[in-house]
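Given next, in C-alpha coordinates, is a single chain: the form predicted on its own.
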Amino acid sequence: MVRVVKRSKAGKTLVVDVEFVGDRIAGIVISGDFFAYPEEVVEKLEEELRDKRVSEVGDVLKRHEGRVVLVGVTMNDIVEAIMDAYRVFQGS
(Lines give C-alpha, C1' and ligand atoms only; values in the text may rest on other atoms or scores of the structure.)
Protein backbone atom coordinates (compact mmCIF):
# COMPACT_ATOMS: atom_id res chain seq x y z
CA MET A 1 0.00 0.00 0.00
CA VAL A 2 1.33 3.41 -0.96
CA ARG A 3 0.27 6.51 0.98
CA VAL A 4 0.44 10.01 -0.47
CA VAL A 5 -0.42 13.10 1.56
CA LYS A 6 -0.97 16.29 -0.42
CA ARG A 7 -1.88 19.82 0.53
CA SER A 8 -4.41 21.38 -1.85
CA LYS A 9 -4.25 24.97 -3.03
CA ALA A 10 -7.17 25.60 -0.66
CA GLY A 11 -4.97 24.46 2.23
CA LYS A 12 -6.78 21.19 2.89
CA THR A 13 -5.13 17.81 3.34
CA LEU A 14 -5.79 15.00 0.88
CA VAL A 15 -4.64 11.46 1.70
CA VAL A 16 -4.75 8.56 -0.73
CA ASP A 17 -3.80 5.03 0.24
CA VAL A 18 -3.51 2.92 -2.89
CA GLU A 19 -2.66 -0.72 -3.46
CA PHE A 20 -1.43 -1.45 -6.98
CA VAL A 21 -1.14 -4.73 -8.83
CA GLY A 22 0.87 -3.92 -11.92
CA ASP A 23 -0.78 -0.89 -13.49
CA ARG A 24 -4.17 -1.56 -11.85
CA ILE A 25 -5.64 -0.18 -8.64
CA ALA A 26 -6.39 -3.15 -6.37
CA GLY A 27 -7.63 -1.02 -3.49
CA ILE A 28 -7.91 2.66 -2.64
CA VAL A 29 -8.96 4.84 0.27
CA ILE A 30 -9.41 8.59 -0.26
CA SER A 31 -9.53 10.71 2.89
CA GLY A 32 -8.52 14.06 4.35
CA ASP A 33 -9.96 17.20 5.84
CA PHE A 34 -12.08 18.15 2.83
CA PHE A 35 -15.82 17.82 2.28
CA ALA A 36 -17.71 16.04 -0.48
CA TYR A 37 -21.41 16.32 -1.34
CA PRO A 38 -23.18 14.01 -1.56
CA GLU A 39 -21.21 12.47 1.32
CA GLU A 40 -21.16 8.95 -0.11
CA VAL A 41 -19.45 10.11 -3.30
CA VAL A 42 -15.95 9.35 -1.98
CA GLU A 43 -16.91 5.72 -1.35
CA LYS A 44 -18.43 5.56 -4.83
CA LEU A 45 -15.24 6.95 -6.38
CA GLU A 46 -13.15 4.40 -4.48
CA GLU A 47 -15.43 1.62 -5.69
CA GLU A 48 -15.27 2.77 -9.32
CA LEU A 49 -11.48 3.10 -9.23
CA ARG A 50 -10.90 -0.47 -8.05
CA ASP A 51 -9.60 -2.73 -10.82
CA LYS A 52 -9.07 0.23 -13.15
CA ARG A 53 -5.78 0.90 -14.89
CA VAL A 54 -3.90 3.95 -13.68
CA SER A 55 -4.35 5.43 -17.17
CA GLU A 56 -8.14 5.36 -16.65
CA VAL A 57 -8.17 7.39 -13.40
CA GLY A 58 -8.75 10.76 -15.06
CA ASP A 59 -11.66 9.46 -17.13
CA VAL A 60 -13.32 7.79 -14.14
CA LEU A 61 -13.17 10.97 -12.05
CA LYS A 62 -14.14 13.22 -14.96
CA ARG A 63 -17.47 11.38 -15.23
CA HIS A 64 -18.41 12.79 -11.81
CA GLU A 65 -17.64 16.45 -12.53
CA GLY A 66 -20.77 18.54 -12.23
CA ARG A 67 -22.52 15.88 -10.12
CA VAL A 68 -20.21 16.21 -7.14
CA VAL A 69 -19.28 19.18 -4.98
CA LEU A 70 -15.83 18.99 -3.43
CA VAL A 71 -14.86 21.64 -0.88
CA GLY A 72 -11.16 22.03 -0.17
CA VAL A 73 -9.85 19.79 -2.96
CA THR A 74 -10.52 19.27 -6.65
CA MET A 75 -10.93 16.16 -8.77
CA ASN A 76 -7.59 17.09 -10.31
CA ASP A 77 -5.98 17.03 -6.83
CA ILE A 78 -7.24 13.46 -6.41
CA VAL A 79 -5.93 12.43 -9.84
CA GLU A 80 -2.53 13.97 -9.05
CA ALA A 81 -2.34 12.20 -5.69
CA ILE A 82 -3.12 8.82 -7.29
CA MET A 83 -0.51 9.43 -9.99
CA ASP A 84 2.04 10.41 -7.32
CA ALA A 85 1.26 7.16 -5.49
CA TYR A 86 1.78 5.19 -8.70
CA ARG A 87 5.16 6.85 -9.27
CA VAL A 88 6.18 5.89 -5.72
CA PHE A 89 4.96 2.33 -6.36
CA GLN A 90 6.96 2.08 -9.59
CA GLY A 91 10.09 3.27 -7.78
CA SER A 92 9.82 0.66 -5.04
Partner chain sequence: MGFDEALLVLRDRGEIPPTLRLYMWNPSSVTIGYFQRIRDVVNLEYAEEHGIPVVRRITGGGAVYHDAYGEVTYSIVLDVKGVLTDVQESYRLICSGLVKALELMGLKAEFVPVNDIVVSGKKISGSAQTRRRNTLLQHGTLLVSTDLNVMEKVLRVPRQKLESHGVVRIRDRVTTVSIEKNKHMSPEEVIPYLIEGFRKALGVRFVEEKPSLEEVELARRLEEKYRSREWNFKR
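Since the model is a prediction, treat every value here as computed from it, not as a measurement. Numbering follows the first chain given and starts at 1.
Note that the form predicted together with its partner chain isn't included here; everything after this is about it.
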- Message: I have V5, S31 and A36 flagged as a candidate spot, so tell me whether each of them has a non-hydrogen atom within 4.5 Å of its partner chain in the predicted bound form.
- Response: yes
- Message: Exactly one residue in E65, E56, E43, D51 has a non-hydrogen atom within 4.5 Å of its partner chain in the predicted bound form; which is it?
- Response: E43
- Task: Evaluate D17 for contact with its partner chain in the predicted bound form, applying a 4.5 angstroms cut-off between non-hydrogen atoms, and reply yes or no.
- Result: yes
- Query: With the partner left out of view, is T13 within 4.5 angstroms of its partner chain in the predicted bound form by any non-hydrogen atom?
  - Reply: yes
- Would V21 show up as a contact with its partner chain in the predicted bound form if we use heavy atoms at 4.5 Å? no
- Note on the structure: Those residues of 59-92 with a non-hydrogen atom no more than 4.5 Å from its partner chain in the predicted bound form are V69, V71, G72
